[in-house]
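Only one chain is included here, represented as structure tokens and corresponding to the form predicted on its own.
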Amino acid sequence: MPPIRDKFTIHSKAVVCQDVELKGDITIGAGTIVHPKATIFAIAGPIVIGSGCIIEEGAIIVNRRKEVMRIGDDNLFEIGCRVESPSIGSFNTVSARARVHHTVRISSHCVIGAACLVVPVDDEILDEYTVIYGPAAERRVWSGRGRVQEADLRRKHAEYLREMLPKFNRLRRGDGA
């Protein structure tokens, strides 16, 4: 297998800390925030991260497939989660220490609960508004109530991080987009 070539395209409005581990062909969209100690590996195919995402410390995003891993807008990847899903819609939350296998495709407005392990035998697409919770990774469908408030809260969270992270961390600059 040939060595992985690093090619990072980081939007000028993105906040990516210097001590983030990036490997492979990675594109980071406008307004996306990547905390220190996050890991993004494009091992087999490229990763394209949309705008307004928050990737917290210790989060690991890996693409093991040849196809492009597309991550939509306004997703939240919390501390210590690991995501290998080949496609992720928008407005999703992957909670702390949750793991999502590469056979799962996540649509929009889904929540993977804390420490949940999502490893189906066959390829699976999570329907919109799916919530996975508890030690047995039980599922239910969210009604969508409170969606606007959650989006506002996430916007304020991102605004705070855009202001505070550069004060205490060196930032990585991309070639702009």
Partner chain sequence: MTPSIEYYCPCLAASPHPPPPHLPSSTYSFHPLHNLFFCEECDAVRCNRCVMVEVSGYYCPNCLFEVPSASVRAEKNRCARNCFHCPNCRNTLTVVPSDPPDDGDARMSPIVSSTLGEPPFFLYCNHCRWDSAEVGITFEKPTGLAAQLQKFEDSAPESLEFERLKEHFEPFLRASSSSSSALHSAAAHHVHTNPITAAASSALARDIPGVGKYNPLSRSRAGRDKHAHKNDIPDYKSRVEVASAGINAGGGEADVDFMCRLETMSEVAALEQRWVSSWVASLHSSDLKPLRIPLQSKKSKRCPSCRHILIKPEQKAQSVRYKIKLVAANYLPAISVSLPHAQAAVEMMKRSTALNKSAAATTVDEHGASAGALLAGKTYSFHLAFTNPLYDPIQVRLKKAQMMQAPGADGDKTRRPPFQVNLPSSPFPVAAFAEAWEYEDDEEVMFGLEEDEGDLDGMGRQQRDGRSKTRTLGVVEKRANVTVVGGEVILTKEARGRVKFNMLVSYTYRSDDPDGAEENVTGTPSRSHASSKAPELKNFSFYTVVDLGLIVPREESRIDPDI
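Positions refer to the first chain, counted from 1. All of these numbers come straight from a predicted model, not from anything done at the bench.
Although not depicted, the form predicted in complex with its partner chain is the subject of the following passage.
- The chain is drawn here without its partner chain; in the predicted bound form, the stretch among 140-148, 38-46, 117-125, 63-71 whose residues come within 4.5 Å of it by any heavy atom is 140-148.
- A single residue from the set 26, 59, 111, 54 has any heavy atom within 4.5 angstroms of its partner chain in the predicted bound form; that residue is 111.
- Mapping the unseen interface onto this chain, residue 30 falls outside it, with no heavy atom inside 4.5 Å of its partner chain in the predicted bound form.
- Using a 4.5 angstroms limit between non-hydrogen atoms, residue 163 is distant from its partner chain in the predicted bound form.
- The closest heavy atom approach of residue 159 to its partner chain in the predicted bound form falls within 4.5 Å.
- Residues 131, 133 of 119-133 are found to place at least one heavy atom within 4.5 Å of its partner chain in the predicted bound form.
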